[in-house]
Every structure is written in C-alpha cells, then in structure tokens.
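Okay, so here's just one chain, in structure tokens, the form predicted on its own.
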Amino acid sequence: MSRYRLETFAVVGAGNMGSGIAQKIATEGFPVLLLDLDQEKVERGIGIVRRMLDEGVERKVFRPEQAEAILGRIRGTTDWNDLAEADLVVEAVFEDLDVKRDVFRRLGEVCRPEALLATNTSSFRVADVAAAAAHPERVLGLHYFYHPAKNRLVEVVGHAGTDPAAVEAGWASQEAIAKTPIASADAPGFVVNRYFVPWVNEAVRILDDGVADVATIEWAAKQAFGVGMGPFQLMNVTGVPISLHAATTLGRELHPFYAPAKGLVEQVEGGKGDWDLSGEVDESRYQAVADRMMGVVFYVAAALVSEGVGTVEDVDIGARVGLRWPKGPFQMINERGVPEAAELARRVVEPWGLEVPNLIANPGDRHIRIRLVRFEERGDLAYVRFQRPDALNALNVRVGVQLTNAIERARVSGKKGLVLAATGKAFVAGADIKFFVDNLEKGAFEPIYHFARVGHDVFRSLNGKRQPSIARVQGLALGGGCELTLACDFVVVSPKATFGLPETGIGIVPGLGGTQRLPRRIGLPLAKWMVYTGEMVGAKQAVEIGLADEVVDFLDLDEACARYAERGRQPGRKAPQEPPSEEWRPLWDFFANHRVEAILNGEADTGGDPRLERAVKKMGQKSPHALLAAERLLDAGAEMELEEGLDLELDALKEVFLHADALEGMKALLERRRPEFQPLREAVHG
C-alpha cells in the first residue's frame, strides 16, 4: 500500500491556471484548497471558477446543482497553515524561479512530511524548483495545459531525486481527476512544449525570412496540421510575451536553434502587442511554409525521443490530447514517409549545425513504430497497457494485432500475472464504430467477422491460462472493454470505474463474448438487464453483483493487482442462481420471468418499481431486433458449455450486423442523432 494518500488537494496560486486546476479537481469529487497571497486574489480565482461553471451550465455540460456542488468543494484561503491537511499541493504561481522556490520553502514548513508537492512549471527544470524544498524527494512536476479544467493532458515529471513512489502517486492522482498523464524526463520544455514552442517560433522565422506574410503562414499552418488556430493567433490568445519567454528558455538551455526569432523579440520588446492577422492569403506559398513547419516538428520530436525525454507514443498523445492536433508528429512522419520527413528536418536544421537524429535518419524498416498497446514488466507482473486515450482506447484491427502480440509476450515472460491496464479516462470504451459503418456501407461483412473472430481468440487466451489475468479498470469499460474484463480471471477497479454494454442501443449485440461470459459472472437475469438496457454500472455496484472483484483507491490499484495475481488462475466461475442481495431481487425476478416481446408490448408488470420502470423505458429506446437476438443468445448459451456458447455468439453476428438496424444505429451514433429502428412487429415477424 502506498505511503501517500489522495483525499485532499490544494493549489497555490489563484490565477487562470491555478483556478482551472482547482476546478478540475473539484469537478472530479475531491475537496481542494485554493490559496493566494490576499483575499482579493482568492476571490478573483473563485470568481473565475464560477464564471466557467456558469458557462458550463449554459452549454448543458453541468446541471445547476452539479455546478454548485463543484464550487462547494473549493475553499479559498490566505492562510498557509491550512495546507497542513492537504495530501497533494500543486504550485501554480507565475513563471519566476525565485518565487517558485519561495513557495516550496514555505510548503516545507507547513505541509505534512508525507504530502506530495508538485510544480506546474513549464519553463524550469523540476530539480531547480525542488532545490528549495525541505523534502525534494517528494517534489515532482505536474505540467497542466490550458485550460486545465477542460484540457485532459498533464505531463508527470520526476527529477533525479524524486522518490519513485511519489512519481507513481502523482500519476495516480491525475488518473483520479480524470486527466490523461504522460511521462516526461526533467528536461527543458518537457515533451510537448519541446516541439510546440519551436513550431510557433518557426512561423516567425518564416515571416522574418520573407517567405510569406502572417495571413498566409496562419492559413498554411492550419491546412498542414489540421488545426483550428495557427501559430500567430495562438500567440495572441496565450500572450505573445509567453512565447518569447518559452523560446528564450529553450534557446538558453538547449541550442541557438531554439532561441526566439528576431521578429518575436521585436514584437514584444517593441511593444507591438498582438500580431496583425489580416491580409490576403497567397496559396502559392503553401508548400514552402508547410515544409518548414513540419521539418521543425519532425526534427524536435525525433530529437527528444532520442534523448530519452519522452516516448514516440507520448509525443503523439501530447499532440492529440494537449494541443488537439488531429495527428501526432510521428503519425505525420509515417504518412509523409520517413525518408521525406528526414529530408524536411535536415533542410531546417542543417544551417544551425545540427544533425537529423538516427530515429528518422536511419529508421531501419523505414517506418516509425507507434505502440497503441505497450508491454512492460513491473516487478512480478507483466503489464499490457492500452495507450490510445484520445480515442478512449477503442478496439480496432491495429489495436487487436498489437494486443495479441503483447499478450503473447506476457505469457512467455515468466511473470506471476498478466495485468491489462490503460491510459486516460477510459479502460477500453468499445470498438471502432466507424470501422463497422465503413464496411457495412460497402456491403462487406467479412472484415467485421474477421475482427470479431480475432477478438474472440484473444479473449479466450486470457482466462485460466498460464498466469492469472487481471483487468485493472481505472475508468470506462464499455462494450468490448467490458467484455475484455469478463474474459479475465479477476477485475480490480478504481472508484471511477464504469461498466456498460450499450450495443442494443446501436442495433447490434455484444459480440466479443458478452452474451456468454456476463451471465456466468452475474447471473442470467442481471445479464439480461445489462444487455437489454445498456445501463451503466458503477464501481460499487459492479462489486456487489460480481462484475468486479474489488474496488480500491487509484493509489492501490497496482498493489491490488499483485494480490490477485497471487491467487492463481480462475478457470471458470459458476453462474449465480440467486440475486446478490435483496436489493437486486426485483430486477432479478423481473428479467427472469419476462420475455423481451412482453416487456416491449407493455405486458410485463413493473409494480411501479422505479428501477424497473427505468429499465422498461430504456428498452423502448433500443433496437427490437437486437434485443430479440440478444435474448436468443443469452437463453441458448445458458444451456451450453462456455466454448460452445462463444461459437454460437460469433456465428450469430452476420444475421445481426446485416440487419438494417445495425447500420442505422451505428450511423446515428456517429451523426449524434436518435436512431430510427424497425418496429417490434417487423422484428418478430420479419
């Protein structure tokens, strides 16, 4: 069990960043202290949060009562002694090293010896900030991205003297507040700013060189990178002096190549304010602008990976999640072609006396490997981790291939247990719906069947095999993700874990073992309830009904996985024949005694029970054809051995997917509209 705890948070600095960090923490259900030098600054920070929440209510992100509850979890203070109760303190004052060091000196005086202390610095090394702390081993970097209440990315940075357990606890703290953490070495710019700042700076150099004007550079950058704002508009939004400061820091710490462009210095020191974005776009200059900006990004991304600052995957995750680029640098390198990408990088950096890193200059197979599923060994356990957080770790063909390979590596690793884990908000939130739609619109079922068959083979390799398999579920486990947990020997969950099988709402049925494994975990009646309604099941409920084995704090997830690995394999579980408690009996009896057709026709008496009324209402929104197909699979499978039932489910997919409801339901999901399913009478008699 970790020596650290994560129950109370604090943020020092009530400006835009600090108030946003506090808002995110409170939104995820944790109490947080917001400290600043005087009451006026504290009230300003809370006012920022209040305005953000009001906007959220207007956009229907929050209900009014939710916004009030979030605000109620933030307590403003000017008393440093109040920080004595905090488990994690995040420093978010302005970028002045002396000021930050003074904060950490004061934190050493008032915080508990086991409290985690984090800096949100974007300009300084964490070690330089930690040097002033009484306990530098408890100091780490948590670099948030603007706006921290909305942007999920956070870079977790340990310095050379950070306690590894503190880094793990810092990572867990970000999982607990639904952030997407990536790891970075304690290096200038960390991961994302290391290539983002030069991207912005190169735009000014292009202007300085007379290649194109501001309007053209803006347009070309947006076209080339698929972004909504170009570099000059971004500087205007975040503050042009901030860009100058960031480039100055990188230039001082790394190489003159990173130093601010002449025009950027003149824009700030000349007091010119924001960039003038007006002007006519010269489309003939597109390639010249795009090639230079891409060349800079390709060089810096390859350099930072070569130096061990971050991984290929974290570079791309940082771009997609933190910068909201549609594609990461290494995705773009592969699409452009590695040789051509290396040539673009060479043209940009050769005048600066720099060489293109071997990662792209001599890539071996001429392709940069991007791992969507990562294998790693941690102590006695083999971890297989999904790392496609911007897509909620959804399953697709490429993920399936990498998952298969990672599981095979885990099986021959000699480790005591196999842990399936994930990065981001979701464990695995189903399969790639667009893949299904694209194939159905072409009339091609075979790729869908192949995907499902491979998925079945992978999932069958998990339960009761050489080592016990443990699903470490930190967030959403929906559709195929829920089915993946069912295929494991054990399921350990965080308080934020949520399970659901929403397939009947999009015209299909669970197709990766859900109709067969779920009844064996929670009993046939409750399995029908989950499949028919698509109801979401939280962590506590999941343990109550047997869907999960234990719920533990984020900090204790890995230790719990190790404990379950010691229990050994669980080759099969006997399906429950009774509800888990009297609380669940009404649902159990209702779905044990009523057929789908009777429920949809209003012939099943709910007795006014609110949960049953809700279940019936939800079923009315599903595809009748999918509900009837699910009923047949659930009932038939209950009379079979598991392997026979899994074959039955796989064989039924063609009839389900080729029905009109399947394409309609999945297209409606992608188009964010309510599907129009065929009525019950056609599903029964069609």
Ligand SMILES: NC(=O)c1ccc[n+]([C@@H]2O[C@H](COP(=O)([O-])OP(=O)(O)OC[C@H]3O[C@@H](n4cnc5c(N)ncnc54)[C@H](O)[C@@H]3O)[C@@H](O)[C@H]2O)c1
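Since the structure is predicted, the reported quantities are computational estimates derived from the model, not experimental observations. Numbering starts at 1 and follows the sequence shown.
Heads up, the form predicted in complex with this ligand isn't pictured, but that's what we're talking about next.
Proximity of residue 385 to this ligand in the predicted complex: non-hydrogen atoms within 4.5 Å are absent; the residue sits far from the partner.
Using a 4.5 Å cutoff between non-hydrogen atoms, residue 419 does not count as a contact of this ligand in the predicted complex.
Of the heavy atoms in residue 444, none are within 4.5 Å of this ligand in the predicted complex.
Contact between residue 35 and this ligand in the predicted complex is found at the 4.5 Å heavy atom cutoff. With the partner left out here, this ligand still marks one of 399-407, 311-319, 602-610, 90-98 in the predicted complex; by a 4.5 Å heavy atom cut-off that stretch is 90-98. None of 171, 144, 554, 275 but one reaches within 4.5 angstroms of this ligand in the predicted complex through a heavy atom, and that residue is 144.
Note on contacts: among 122, 423, 267, 494, the single residue with a heavy atom within 4.5 Å of this ligand in the predicted complex is 122.
Contacts between stretch 640-675 and this ligand, counted in the predicted complex as any heavy atom lying within 4.5 Å, involve no residue at all.
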